[in-house]
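One chain comes next, on its own, written as structure tokens: the form predicted on its own.
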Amino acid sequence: MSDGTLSTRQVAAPVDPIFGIVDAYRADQRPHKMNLAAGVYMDETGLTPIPASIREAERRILAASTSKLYAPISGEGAYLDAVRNLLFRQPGDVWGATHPAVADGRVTLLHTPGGTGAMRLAVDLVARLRPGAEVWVGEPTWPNHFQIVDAARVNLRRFAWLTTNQQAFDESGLLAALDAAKAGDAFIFHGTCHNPTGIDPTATQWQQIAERVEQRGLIPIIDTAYQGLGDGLIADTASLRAFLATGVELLVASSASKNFSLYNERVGALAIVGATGAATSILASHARQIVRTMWSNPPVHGGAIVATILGDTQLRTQWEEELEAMRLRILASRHELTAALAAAGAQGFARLLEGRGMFSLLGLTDAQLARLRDEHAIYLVAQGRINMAGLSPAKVPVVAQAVAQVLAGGDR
């Protein structure tokens, strides 16, 4: 083999930290195995169902479809309007009433392949328009945040998201990182339901963070992948409204994977909020140029589902009820697991009740995680990130007993 081949002197790339564990789970032949690693909602039987509102929307789309033409680079207007209304809806307002920034022309959106595509587009936009800017990411975080920043060839800076005891949001640490950053640097924030900790700032803390970001001339990138699964659709965008109140320019990555259960449709959007309408138009022109060299045109079907649901009062109401049922079941699982861990003799897990959304950290070591897999067929992600949406009343006591035994060092 000549030295000119792609594989010369190359070693295999590392396995993805989440999908690698899911692959190991799939290869496990034990019938009692549990997948609590992947970030997907599961019903009582362990399946990820298609909500009824989604099935009805797809039926309507299929009946009315006449072509498979390309969508515009930015996406179809109906989908973009729907996501705009969802993200920028004001507390107490009827559907369609949005933040004044929308009326001022400061907001534009692009349809992306999932929230991952939106995050990559956001970081690429920073790299393109702010050469030398660094992107700051709180740790722990969704592992793909690090990979996206690296792939965009941007320098990554890290700061601690949690206090040293891993039980609370480290507000002072974040504020210190904001003060250490230079003007033009970007910070990736989880808009709600922090992944993997489940620990978010309060509304008051978000206001303080947003004000410091504006004072320092920084660029917030808000990853909103779980809207509606924390405290509700409007409550979960409190972080976004805090930044909007300062007038700062910002980028908001949105995903329909979790709240619409459209995982394999890859439905996302990037909202660009400029200082003025003219500034937003300029930013969007650069974003479209980046898109043209990556996916060129967005996948249409999933976006059409979202647009159909949010554009119809009856379907939107049905979807909101389905989403609320998911949210309440996840919250109930969080309470049930906390009680079961205490009953099993595992101490220090009352903090799980402070979390929101799908995830929390159990704080397990790699060796303890290996024992959970090898001895109990329970699959979790690093540090014991557990997917509350994968639990059920039947699974909770089994998981709690296994975690307690691993922590105690018994059952060898």
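None of the values given here were measured: they were computed from a predicted structure. For every residue, the number given is its place in the sequence shown, counted from 1.
Below: the form predicted together with a small molecule, not depicted.
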## Note on the structure
Assert contact_stretch over 154-162, 306-314, 250-258, 234-242 against the small molecule in the predicted complex, heavy atom within 4.5 Å, equals 250-258
### Task
Scan His99, Arg84, Arg266, Arg334 and let me know which has any heavy atom within 4.5 Å of the small molecule in the predicted complex.
Arg266
### Query
Which residue, Ala225, Leu270, Val123, Val273, has a heavy atom that falls within 4.5 Å of the small molecule in the predicted complex?
Ala225
### Query
Taking heavy atoms and a 4.5 Å cut-off, does Thr338 contact the small molecule in the predicted complex?
no
### Message
Is it the case that Gly198, even though its partner is missing from this view, gets within 4.5 Å of the small molecule in the predicted complex, heavy atoms only?
### Response
no
### Message
Taking the small molecule as it sits in the predicted complex, is Trp206 in contact with it (heavy atom to heavy atom, 4.5 Å or less)?
### Response
no
### Query
Is Thr108 close to the small molecule in the predicted complex, meaning a heavy atom pair under 4.5 Å apart or at it?
no
